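This document opens with one chain alone, in structure tokens, the form predicted on its own.
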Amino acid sequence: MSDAAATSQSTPRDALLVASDGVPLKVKLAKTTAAARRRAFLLTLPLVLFVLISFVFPIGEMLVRSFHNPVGGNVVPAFAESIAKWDGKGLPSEEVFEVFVKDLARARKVRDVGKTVGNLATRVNYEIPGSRSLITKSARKVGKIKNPPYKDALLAIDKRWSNPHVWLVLQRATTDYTLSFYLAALDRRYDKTNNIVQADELYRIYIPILLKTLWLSALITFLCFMLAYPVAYLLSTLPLRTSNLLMILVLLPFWTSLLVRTTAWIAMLQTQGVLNDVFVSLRLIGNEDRIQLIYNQTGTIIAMVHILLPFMILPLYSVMKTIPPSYMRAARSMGASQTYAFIRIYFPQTLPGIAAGTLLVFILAIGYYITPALVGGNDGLLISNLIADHIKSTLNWSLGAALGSILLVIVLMLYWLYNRLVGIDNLKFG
């Protein structure tokens, strides 16, 4: 055997392939692929940063804030370490009282916004309503306590310090991590013996409103489906020129401000509004029997169905447009009635669009805020309005974050359910 033949058999076949510049083809291909990946990464980097900054990081901060609340520990740090060792039985020791008095006196003089006594008082007041005055009043007077016994001196300021429940709440309030806000979001609380119990009837508001939000969202989704299906079917069967004109009417609400559309419904739904005037002019109702269509659940449902309807029409239309009309004609030619052919042939092929539309509308509905706030009144408010209230008004950000986290879990469960039943890959949004 010649040396050339021996070399050919001992050398891999791909090592003999070289590019025009003499570089092995395998090495050249690896460099080209790596350069293409770097270019693709640099092109998508702005989008990745946008998603991280505007979506991932805020959600992550919300999840952390729902159980991380270091306010109490920041105000009285030495007391937080001391009370953490307490067994929770009876009253704390004299040493704990001494540390608390000195920490409270020092916090009284602090000017840092995040470490004032008011922050601790607000945190404790979340669990014991009316206890804010106890903290602030005591903070004003503890500076005069110079000598022991500190326990007796603090009890002399206010007898409520003899209640072990107050110290149990202080122990929880001065820890950085707590489940108190999730318990409050689920209408639960800690009792005086540190056991988890149902909240008092007056404070059971979050679970009923959450259930009402889910129910109204499901109802709005169903109504959108019932209205959108025939519209999408009509758009998919009409000639292109006519369907394009009607599609402009469907998309027209997207070109109008959400606030304008909502306020338009206020003008239409009020007792002296357009709809009631039409009902009176048609003698369907008397002038003295005008219907209350706004500032209740009815107003919320009507306005949100109108606003969310295009989000149902578009996925349905995108799927219906791809279904060949010959399928229905073939079913009819084989003896099937129009109704039977629609149920067995046409409708199953639109399931991906139905799944996409219902998923999109339901998720948008449970998180809607502006429309329920303007037309819902107290009866039509959703859980998103309570979250916004805690973020903007009461400044109980941790409770708002806990409610938002629960809503996020519900959405993720919905995605999981759709993935099991339909398959996320089969959803078609347009």
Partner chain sequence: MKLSSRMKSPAFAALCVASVAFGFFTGSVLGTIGFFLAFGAPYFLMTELPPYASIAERIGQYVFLMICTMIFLFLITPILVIMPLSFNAEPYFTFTDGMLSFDSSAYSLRWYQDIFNFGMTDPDGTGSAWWQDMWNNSVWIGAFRNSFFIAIMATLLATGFGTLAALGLSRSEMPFRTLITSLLISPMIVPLVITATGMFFFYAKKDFFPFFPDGLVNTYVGLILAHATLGIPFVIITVTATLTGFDQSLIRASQGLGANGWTTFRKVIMPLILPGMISGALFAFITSLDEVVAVIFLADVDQRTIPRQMFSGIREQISPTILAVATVLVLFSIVLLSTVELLRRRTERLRGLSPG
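Positions refer to the first chain, counted from 1. What you see is a predicted model, and the numbers here were worked out from it, not measured in a lab.
From this point on, the text means the form predicted in complex with its partner chain, which you will not see here.
In the predicted complex, every residue of the candidate spot (Ile53, Ile302 and Val305) has a heavy atom lying within 4.5 Å of its partner chain. Of the heavy atoms in Val411, some are within 4.5 Å of its partner chain in the predicted complex. Using a 4.5 angstroms limit between non-hydrogen atoms, Lys212 is distant from its partner chain in the predicted complex. Contact between His165 and its partner chain in the predicted complex is not found at the 4.5 Å heavy atom cutoff. Using a 4.5 Å cutoff between non-hydrogen atoms, Pro230 counts as a contact of its partner chain in the predicted complex. When you look in the predicted complex, the only residue of Lys85, Arg332, Arg108, Arg344 with a non-hydrogen atom within 4.5 Å of its partner chain is Arg332. This chain lacks the partner; the member of Asn119, Gln270, Ser138, Asn125 within 4.5 angstroms of its partner chain in the predicted complex by a non-hydrogen atom is Gln270. In plain terms, the part of the chain that comes close to its partner chain in the predicted complex, with a heavy atom within 4.5 Å, is 356-364 out of 356-364, 142-150, 90-98, 204-212. Along 42-66, a non-hydrogen atom within 4.5 Å of its partner chain in the predicted complex is carried by Leu43, Thr44, Pro46, Leu47, Val48, Phe50, Val51, Ile53, Ser54, Phe55, Val56, Phe57, Pro58, Ile59, Glu61, Met62, Arg65, in order along the sequence. In the predicted complex, the CA atoms of Gly357 and Ser54 move farther apart by at least 3 angstroms compared with the shown structure.
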